[in-house]
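Given next, in structure tokens, is a single chain: the form predicted alone.
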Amino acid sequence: MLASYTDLLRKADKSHYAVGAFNINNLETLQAVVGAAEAERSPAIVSTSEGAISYAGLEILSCMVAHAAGRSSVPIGFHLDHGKDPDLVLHAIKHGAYTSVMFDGSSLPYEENVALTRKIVKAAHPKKIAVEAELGAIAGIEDFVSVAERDAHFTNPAQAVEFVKATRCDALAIAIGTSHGAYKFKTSSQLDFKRLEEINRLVKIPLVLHGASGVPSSIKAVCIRYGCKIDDARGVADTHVRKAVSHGICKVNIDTDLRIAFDAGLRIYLTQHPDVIDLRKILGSAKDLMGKVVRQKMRLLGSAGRS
């Protein structure tokens, strides 16, 4: 069933778990996410980035998600992730398929971020579409998101209160040390939990953690064994994700882990079955491995069994 973003996050906040938001670019990733949600009896959010829309098209993606969510027995949200182009976000709102949109004005001057976020909220709320905003930049590169590490800045708790009041956004993505992409840290992950605690104490809407893929060692090792060159890839430790959820994070975005699983699944199957050219079997292997990763994330976030 297609579910309200606000309802999903409010339930998560009340019961102290987080909903996973999984980025998709194609049918197989969508099938992996929804299939895992049903297997775990977990709510889930399917997200499409500007890059995914550029690749597959808004109409195709929205039709696929609407059909999959409509047939699902668990609540599935449909989210526009990291909308940095206000015109695209407004177009997505007008299209009407999304249950939530994110406007990412974090790289803009504060007042401009406030003004544009308020404009997005004004367009979205009459259509019962929730708006996620971002305050504080997250370092790294993912699709069209690129913020130099030296320019990344953490979210200021007092400013977050002002921002939410001024914009009336429904959820706030915050920067506490996570990073986009596969190469998040040079050593182990380091997150500012004291800052998170303060933001959670002051801000009364759901909090979101972006750039939180874990780069699981088992999947990474398999991918490397079959030829993937990601030796230096490092993600957010599971213990840190759990701690962030315990301190008020209600939604956690996952993209990189799905990309690694997809790549590993393809490489394994093609190596073990060099005579097979059936696209469905090749992609099916990638889908199955992504599904396993999604199920693990749902258990980690505490959303399994919460549908």
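Numbering starts at 1 and follows the sequence shown. Quick caveat: nothing in here was measured; it's all calculated off a predicted structure.
Absent from the display: the form predicted together with a small molecule. The rest refers to it.
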Query - Stretch in contact, per heavy atom within 4.5 angstroms of the small molecule in the predicted complex, of 242 to 250, 34 to 42, 277 to 285, 48 to 56 - result: 48 to 56
**Report entry** Residue contact check: R267 to the small molecule in the predicted complex, 4.5 Å heavy atom
**Finding:** no
Query raised in the report: Within 4.5 Å of the small molecule in the predicted complex, do we find a heavy atom from each of K11, D13 and R201?
Result: no
